[in-house]
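Only one chain is shown below, in structure tokens, and it's the form predicted on its own.
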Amino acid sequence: MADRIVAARVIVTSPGRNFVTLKIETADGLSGIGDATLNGRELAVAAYLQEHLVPLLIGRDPARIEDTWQYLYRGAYWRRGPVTMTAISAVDTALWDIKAKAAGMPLYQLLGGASREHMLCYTHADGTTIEHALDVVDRHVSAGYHAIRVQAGVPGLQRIYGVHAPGAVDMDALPAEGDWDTAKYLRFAPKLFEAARLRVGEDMHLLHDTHHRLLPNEAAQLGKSLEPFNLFWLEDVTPAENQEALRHVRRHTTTPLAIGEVFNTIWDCQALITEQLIDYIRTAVVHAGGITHLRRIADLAALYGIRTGCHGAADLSPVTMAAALHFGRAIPNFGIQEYSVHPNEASEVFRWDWRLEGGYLFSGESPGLGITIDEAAAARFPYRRAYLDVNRLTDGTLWNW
């Protein structure tokens, strides 16, 4: 008789920041975990899982991953969206963890085996001024990184993305508000990267994130102005909902473009890929339907010479990083992996075997994802409501954050 799922539970914990984890257990004694964290809306996914998906899982064959994915996606009728797809991602990732454990091999082996031995990653250098940002760059260079995302405060603006940490965790606090002036930013960005390139030389990969804040023509201007500094990529130059906007940007700059961390399905990026309007697709395991669906996105991208650059901020749990590294090790068109250090407390709740060494990330060799969760430790860190920032233009108009 085939194995069956006998239990599934949602674990909400906040070891430094909020994480939602799904743990699935089978009659054969195997278990798998998947990340279900949606920053700022964590409990919405937890409820979707607990109230709607967990009852559907009990009694199912854990080996039928594709059938389960289709069942949860097509069977919902109300499809797509970040809450639904994050929940499906957690189930899918946990089932792949179980399947690889049953096979006695690390997950990347089930995905076709290694296409590479290690993965290039980038980390963040954020500063309130150019000099402050470059000091952080120097520290990352000394630590062995080969790729660094650089962000700096724009003179005249008080709080902008990438420079100031999100608002403090306060159960009664509303989202912190940043301010924005596009004209100031467009004048400032080339100065930042002129200084950065002078500091690090030509061999260091430099990246930058605009965080959806520009209109199409403004994005084209920025890309063109940064061409002399040979960026690895320019990320999220304009809101991702308007895929046609990237046609205009693409016509006016050769700076490589990356987008997609807020995408949830292949249909969100289909035109961007098939029209070759981007160079890197940023969708992540946790928000794009898990390994099953992210592999479809990567396969489509590979047909058009587009590489992956999966989202990897610290608000995605160590479970997502484990999955991303097994995925990135196997696929042929891996590009780069974002890497942010998790809070120290996270290592009390999660144990993982992936590692950072010499500026590269290495997936582990343990069966499955190579990561476990200590539920007793998780209980010591109760959920704390928190929000991502919002953003306004200097005249008070709500803008993209």
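In case it trips you up, residue 1 is the first one in the sequence shown, and so on. Fair warning: this is a prediction, and the values are worked out from it, not measured in the lab.
Although not depicted, the form predicted together with ligand GCO is the subject of the following passage.
This chain is displayed alone, yet in the predicted bound form one of Arg213, Arg307, Arg199, His124 has a heavy atom within 4.5 Å of ligand GCO; that residue is His124. This chain appears without its partner; in the predicted bound form, the one residue of Leu157, Ala271, Leu300, Ala313 with a heavy atom within 4.5 Å of ligand GCO is Ala313.
Only one of 243-251, 291-299, 271-279, 205-213 lies within 4.5 Å of ligand GCO in the predicted bound form by heavy atoms, and it is 205-213. Mapping the unseen interface onto this chain, Glu261 counts among the residues with a heavy atom inside 4.5 Å of ligand GCO in the predicted bound form. In the predicted bound form, ligand GCO sits within 4.5 Å of a heavy atom belonging to Asn39. Contact annotation for Leu388: at least one heavy atom lies within 4.5 Å of ligand GCO in the predicted bound form. For the chain shown alone, Glu235 is a contact residue for ligand GCO in the predicted bound form, at least one non-hydrogen atom being within 4.5 angstroms.
Taking a 4.5 Å heavy atom cutoff to ligand GCO in the predicted bound form, the one contacting residue in 144-158 is Arg149.
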